[in-house]
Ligand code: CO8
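Let's start with one chain on its own, the form predicted alone, as structure tokens.
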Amino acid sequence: MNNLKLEVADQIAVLTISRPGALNALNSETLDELNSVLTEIEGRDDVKVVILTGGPDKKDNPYKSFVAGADIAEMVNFSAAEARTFGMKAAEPFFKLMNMRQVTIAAINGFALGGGCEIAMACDIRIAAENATFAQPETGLGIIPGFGGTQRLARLVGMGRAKELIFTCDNIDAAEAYRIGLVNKVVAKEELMDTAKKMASKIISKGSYAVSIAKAAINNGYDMDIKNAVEMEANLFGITCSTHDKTEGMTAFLERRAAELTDF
């Protein structure tokens, strides 16, 4: 991979977007690599949480940029058809982040602009360094968000705030992103990766199969009517009750000991 780095340890994959000369902007090559590596990770039983972050800039500053957006240098001469193809190229790995059985955490270390904000929103959980900056600046360039921004932002922060951010192109800091529900947590920049890894380890200590089923239930039920969503949940609840982890987890609870959960 030219633009990504993957490290796996203790059932945690740290996936780093690394284009230091472009502040980690997403071009076609990076999106293809991202789709390929997420497909690989999805099939690995030794990975239960994926942490997505941005690499350092040319001056080796690790807190400059998470992802500064889609690559405008590639986009500037796009036709309508080429732009649509580019948007759909991003959709495939973004949906993998959203729907893969592993939990995905965005560790946001600096600029999360345009496509950077959009890829963070595709993850299950977002942790921001205190210096992180978020924006959807596309209308200022004469376009709209094309990597899911008009859809995921409204679902996360509400339609009114999403419209304001997209229509004004305003930058917001990490504290404001937390206030409106765009991120789950804000930490000192030096503590970002440790915080993400601690959260990952905590998630791994639970029933990983149950977590993956809960993720699917939340994602699939979100746009259902409540009656069908609760019925779907009951069906999935039944499936989890047929597992080793259910027997072990409940037995350990009654015996007042730590459970040894193994299903995935």
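Remember, predicted model here, so these are calculated numbers, not experimental data. Don't overthink the numbering: it's just position in the shown sequence, from 1.
The form predicted in complex with the named molecule exists for this protein as well; it is not shown, and the discussion that follows is about that form.
Checklist line | Of Ala70, Leu52, Ala200, Leu34, the one that lies within 4.5 Å of the named molecule in the predicted bound form (heavy atoms) | finding: Partner contact (heavy atom, 4.5 Å) among the options: Ala70.
Checklist line | Contacting member of Leu156, Ile143, Met98, Cys169, with respect to the named molecule in the predicted bound form [4.5 Å, heavy atom] | finding: Partner contact (heavy atom, 4.5 Å) among the options: Ile143.
Next item on the list: Indicate whether Ala83 is a 4.5 Å heavy atom neighbour of the named molecule in the predicted bound form.
Entry: It does: once the named molecule is placed as it appears in the predicted bound form, Ala83 has a heavy atom within 4.5 Å of it.
Notebook entry, point to check: Looking at the partner-bound form in the predicted bound form, is Lys227 within 4.5 Å of the named molecule by any heavy atom?
Noted result: Close contact is absent here: in the predicted bound form, Lys227 is far from the named molecule, nothing within 4.5 Å, heavy atoms only.
Margin query: Using a 4.5 angstroms cut-off on non-hydrogen atoms, would Phe134 count as touching the named molecule in the predicted bound form?
Written below: Phe134: no, not in contact with the named molecule in the predicted bound form.
Check: Closest heavy atom of Ala129 to the named molecule in the predicted bound form, within 4.5 Å or not?
Finding: Close contact is absent here: in the predicted bound form, Ala129 is far from the named molecule, nothing within 4.5 Å, heavy atoms only.
Checklist line | Candidate stretches 236-244, 21-29, 6-14, 249-257 - the one whose heavy atoms come within 4.5 Å of the named molecule in the predicted bound form | finding: Going through the listed ranges, the match is 21-29.
Margin query: Where, within 107-129, is there a heavy atom within 4.5 Å of the named molecule in the predicted bound form? Residue list please.
Written below: If the 4.5 Å heavy-atom criterion is applied to the named molecule in the predicted bound form, 107-129 yields Phe111, Leu113, Gly114, Gly115, Glu118.
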